[in-house]
Ligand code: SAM
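Only one chain is shown below, in structure tokens, and it's the form predicted on its own.
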Amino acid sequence: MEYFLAIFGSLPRAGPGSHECTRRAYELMTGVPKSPRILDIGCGPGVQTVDLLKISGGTVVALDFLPLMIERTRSNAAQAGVAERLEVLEQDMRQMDFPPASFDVIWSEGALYNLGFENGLEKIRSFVRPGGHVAVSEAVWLKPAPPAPVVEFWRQYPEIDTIENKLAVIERLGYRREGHFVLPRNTWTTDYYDPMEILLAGKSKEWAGIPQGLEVIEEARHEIGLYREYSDYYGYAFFVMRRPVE
């Protein structure tokens, strides 16, 4: 974990995303209260957390199990001048247990997969008020018949599926679809893979002779190379949905 965090814990973002995509997903929601209460699950360093605080004018509860990410979220919110509306919760998302209808919006960028897409959406449904919204970004297939190296890589997350099948899960769980879109390719590179490559180059010298560190570097380089070669086949999609008023 030490070597993993030295790479993934210091990047601008904890995964693919952008300010523009966060705003676009937020604007797909209709009827959001003037000052909503938002839960950001798996907040990472809090880039989208700060965006949500700025866009919504409401409060955000930022949840992550890593103290480093909680601290970075606090720092980013303070630098942006929105810390007074931020609450942080250092907790594993598997342990979430909020009272019913605690939030107007539940948000998760590239993190809900830790619970599984279907299980995660089912778990959080009671936490969002009737009429409230859920927005998540999730790994999806973009083309059929992905090459063997891509299939092998994604065995780590067997719930990766087509957009159509993800939408079917959303409907089966009783949500109303508000909209969806595929994240553009630069959301994987600008604040994620590009700075990662620079960091890996430096760490490969620093960690020479340290097997654990070199293994982290090798795996990260494999992931980057795979995306650069096969990005036509997979990506992230943002899904925005609403819990119906019952």
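One rule holds for the numbers: they count along the sequence shown, beginning at 1. Computed from a predicted model, the values in this text were never measured in an experiment.
The following text describes the form predicted together with this ligand, which does not appear among the structures shown.
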Exercise for the section: Would you check, heavy atoms only and a 4.5 Å threshold, whether D92 touches this ligand in the predicted bound form? Expected result: yes
Contact flag, A25 vs this ligand in the predicted bound form, heavy atom cut 4.5 Å:
no
Using a 4.5 Å heavy atom cut-off, state whether N76 contacts this ligand in the predicted bound form. no
D51: touches this ligand in the predicted bound form, heavy atom cutoff 4.5 angstroms | no
Among 64-72, 30-38, 213-221, 195-203, the stretch whose residues bring a heavy atom within 4.5 Å of this ligand in the predicted bound form is 64-72
### Message
in the predicted bound form, does each of R13, C43 and E109 have a heavy atom within 4.5 Å of this ligand?
### Response
yes
With the partner omitted here, the residue among Y175, W154, Y113, F127 that in the predicted bound form has a heavy atom within 4.5 Å of this ligand is Y113
Of the residues spanning 191-214, the ones with some heavy atom within 4.5 Å of this ligand in the predicted bound form are none
